[in-house]
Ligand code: NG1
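First, one chain by itself in structure tokens, the form predicted on its own.
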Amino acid sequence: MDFEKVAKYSALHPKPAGLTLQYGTAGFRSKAEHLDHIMYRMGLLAVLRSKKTKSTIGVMVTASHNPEEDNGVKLVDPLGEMLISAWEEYATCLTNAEEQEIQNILTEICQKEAVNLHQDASIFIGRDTRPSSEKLSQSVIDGVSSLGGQYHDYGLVTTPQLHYMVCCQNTQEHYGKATVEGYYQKLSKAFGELTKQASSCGDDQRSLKIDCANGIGALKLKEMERYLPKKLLIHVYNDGIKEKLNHLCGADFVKVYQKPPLGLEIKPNERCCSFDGDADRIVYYYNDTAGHFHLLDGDKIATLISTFIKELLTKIGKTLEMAVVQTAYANGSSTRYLEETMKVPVHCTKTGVKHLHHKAQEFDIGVYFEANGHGTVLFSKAAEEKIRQLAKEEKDNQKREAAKMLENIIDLINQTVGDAISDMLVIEAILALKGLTVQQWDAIYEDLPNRQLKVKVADRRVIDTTAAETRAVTPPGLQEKIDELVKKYRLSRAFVRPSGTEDVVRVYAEADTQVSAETICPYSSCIV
């Protein structure tokens, strides 16, 4: 290891005095001006991770749904998944180290992980459209280069595209071609095949308005449009030409404020959706004829997809274990509908897609979506092989066609991570095949009224939780007060949990009426 070169480059990326950050579920996030040293050091860590795994590792420069002045970075593991927990700790330690400590920490990581320093290292780098991203991306490159790693800079890509390409590279392109064009080709082909049997419908049913949060999703959707069949008419809004990234728009804004984004005018019953800034989240919505806003979030998406997959599994007559994985933020109505009506098992995990992803891997088919619209579907290797074999060899026409549909679903879904573009195409295909309007989809079950807010605190660590973050363990007495409160309202529940990235406590409440939910939520925040 050339420590002289590492030190020389490190001096060009100094750590601000007193700054301490932690690698959370979405990597590091902060004001862009605080991140130069972190980007350099994550370039270093990515090289060590690549040498350890003998695989290509991804580094994505993005702060997703955060304001434009923020930025962040996340590392992508060999199969397109998020960085494993042990290396998250290394990332935090390396980031917060003083200049003179870097050499010792790098040496310690190499010793603990038995890293072969003579092994080649390969890094894929991507960035979002923030003004700060290009410069910060160069800082990553400096880190990679100083340890002698090879890199491929993909430039502007969505976060899911980088995850996809890392997986493609490390599976010798069994998963697909490790190019943005390969991504477009694979998804558009699967979408076209899947929707072949959809009955033709008018422009109003084929038309979809997409709010791209003034982010990278707009750029990539426009590139992809020429690959897509003409049966889907997409109209892109908030494309980043005039307004700021994530400002009063995007999936997170629509979900939290329960209203349409700025810059997108909705006519009654028009089908619309919003991506977040790096295009890994999606929510749908519409206004009814009375002007009331209806949100179809991650819960509704998980229900639509899992119902469709279960119907196909029933047709092929094969017993594959399918489950839906949710977090505490999932609406209680969705859980009841899946378990009681659809007879689909539901499991609850801690917040953060890495927790849902790991749980979903336990099943033949695992469907996971956070309520914020971040999610995907995972197919086990055995399930995928069985489905592809049936699509090819099954003699019964109906069973074979159902297997082919499942095969196209497998190819259309980005299994590495939540992907707004991929999820949007899956949803549009299912709606077309089932002949469903957005209103009919919404009517499958009715959400319980809910409210969420965040409370600024001096130290979020004073609150500790258990039972997938639905019960507070500390401080003493907090959970008892919440239990006492929710007893007063029908179908009610509430929980508080510390944020994974900032000193705030998140509060959630739901009940049989909006008034009750609104009453519980602010009161719970006062308890905190």
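Residue numbers here begin at 1 and follow the sequence given. A quick note: this is a predicted structure, and the numbers were derived from the prediction, not measured.
Another form exists, predicted together with the ligand; not displayed. Remarks below refer to it.
Asks: Please determine whether T519 contacts the ligand in the model of the complex, using a 4.5 Å cut-off between heavy atoms.
Replies: T519 lies outside the contact set for the ligand.
Asks: According to a 4.5 angstroms non-hydrogen atom cut-off, is I482 in contact with the ligand in the model of the complex?
Replies: I482 lies outside the contact set for the ligand.
Asks: Please determine whether K51 contacts the ligand in the model of the complex, using a 4.5 Å cut-off between heavy atoms.
Replies: K51: no, not in contact with the ligand in the model of the complex.
Asks: Looking at the partner-bound form in the model of the complex, is N372 within 4.5 Å of the ligand by any heavy atom?
Replies: Yes, N372 sits close enough to the ligand in the model of the complex that at least one of its heavy atoms falls within 4.5 Å.
Asks: Only one of S55, S30, S499, T470 gets a heavy atom within 4.5 Å of the ligand in the model of the complex. Which one?
Replies: Selected option: S499.
Asks: Which residue, L45, M39, A494, A26, has a heavy atom that falls within 4.5 Å of the ligand in the model of the complex?
Replies: None of the other options qualify; the answer is A26.
Asks: Quick check for you: of 364 to 372, 180 to 188, 120 to 128, 148 to 156, which stretch puts a non-hydrogen atom within 4.5 Å of the ligand in the model of the complex?
Replies: Heavy atoms within 4.5 Å of the ligand in the model of the complex occur in 364 to 372.
Asks: Can you tell me which residues in 312 to 330 come within 4.5 angstroms of the ligand in the model of the complex, by heavy atoms?
Replies: Going through 312 to 330 in order - heavy atoms within 4.5 Å of the ligand in the model of the complex - there is one hit, Y329.
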